[in-house]
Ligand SMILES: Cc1ncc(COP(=O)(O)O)c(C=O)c1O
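The form predicted alone is given below as one chain in structure tokens.
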């Protein structure tokens, strides 16, 4: 059979080995997964108490009514400015389907989230990128210089994944004033709940003024619901209307909808988990500085560490010692990304990291 030529440019997503595989491979009793930016504190206890009350025999609410109403109230926005997906990745796929044709292009940061790249390639579109500067941040004016007549979308991850740095409110507003109104600006705020820098502001606040701005949010990170795959987009109604044309019916399960509602009602638990992660980050800063190990200050729930060695070899050595982390980021061959676990997990990780690189 002959498949689409553009698929030759696309690599399937390759997850790391599971904890059970690594235990068996290296004869380990304990393995700590610090590779996928998951929340080690999990969801609120109220979710565990409610799951046995859910209905399994009926189709989900296609409109995601109750969760939609809650988010509408939370952000003080019209209910029709929301659309839900099987994680943010499905929404990125939908955005590509409504915006991109062969010969079009997107602009994004390098490095940034891999799905922006893969979905553009699947649509046979081109990708333009800007690189980070010496502060491990991005100059958005460089994006403006890359815009041409075929540019359809701009992706900005704020905070950036994997760098963990932010685009400030002032930088974002200056940028939006220069972007043509027919180019969709997608701001991915998957890690927005973790930000401590008061220069950050959610781009949700800009949608009423800039109808070409949309924001991706997720319950996977701060709310601890990665397994349930539920994300959403906030956008002008005109964008939502087009997305509805390509959305698969009943794409968000009843279980995911109901549990997300409970998580949203118990934001104290989310704030507690975020505070614990901040404490672990501060511990990592102190430990890395004591040892003279370079790192990037983060506004997310992960930290980038420069091992000054081939990061692939470092990752393998850490896996042998029971800690799963990520490597392989463009322009950063010696860096690893470490998801922030509990304080005890980070103490153990620091010890093993020093064994490998010092």
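Predicted model, so just to flag it, every value in this text is computed and none were measured. Residue numbers count along the first chain shown, from 1.
Absent from the display: the form predicted together with the ligand. The rest refers to it.
Remark: none of the three candidate residues (194, 280 and 342) comes within 4.5 Å of the ligand in the model of the complex, counting heavy atoms only.
Listed residues 161, 118, 151, 257 were compared with the ligand in the model of the complex; 161 is the one with a heavy atom within 4.5 Å.
Out of the listed residues 220, 251, 105, 96, 220 is the one that sits within 4.5 Å of the ligand in the model of the complex by at least one heavy atom. Within this chain, residue 87 lines the site of the ligand in the model of the complex, having a heavy atom no more than 4.5 Å away. Interface membership of residue 175, defined by any non-hydrogen atom within 4.5 Å of the ligand in the model of the complex, is ruled out. Residue contact with the ligand in the model of the complex: residue 190 places a heavy atom within 4.5 Å of it.
Although the partner is absent here, residue 113 sits close enough that one of its heavy atoms falls within 4.5 Å of the ligand in the model of the complex.
Shown alone, this chain has one stretch from 257 to 265, 182 to 190, 125 to 133, 167 to 175 that lies within 4.5 Å of the ligand in the model of the complex by heavy atoms: 182 to 190.
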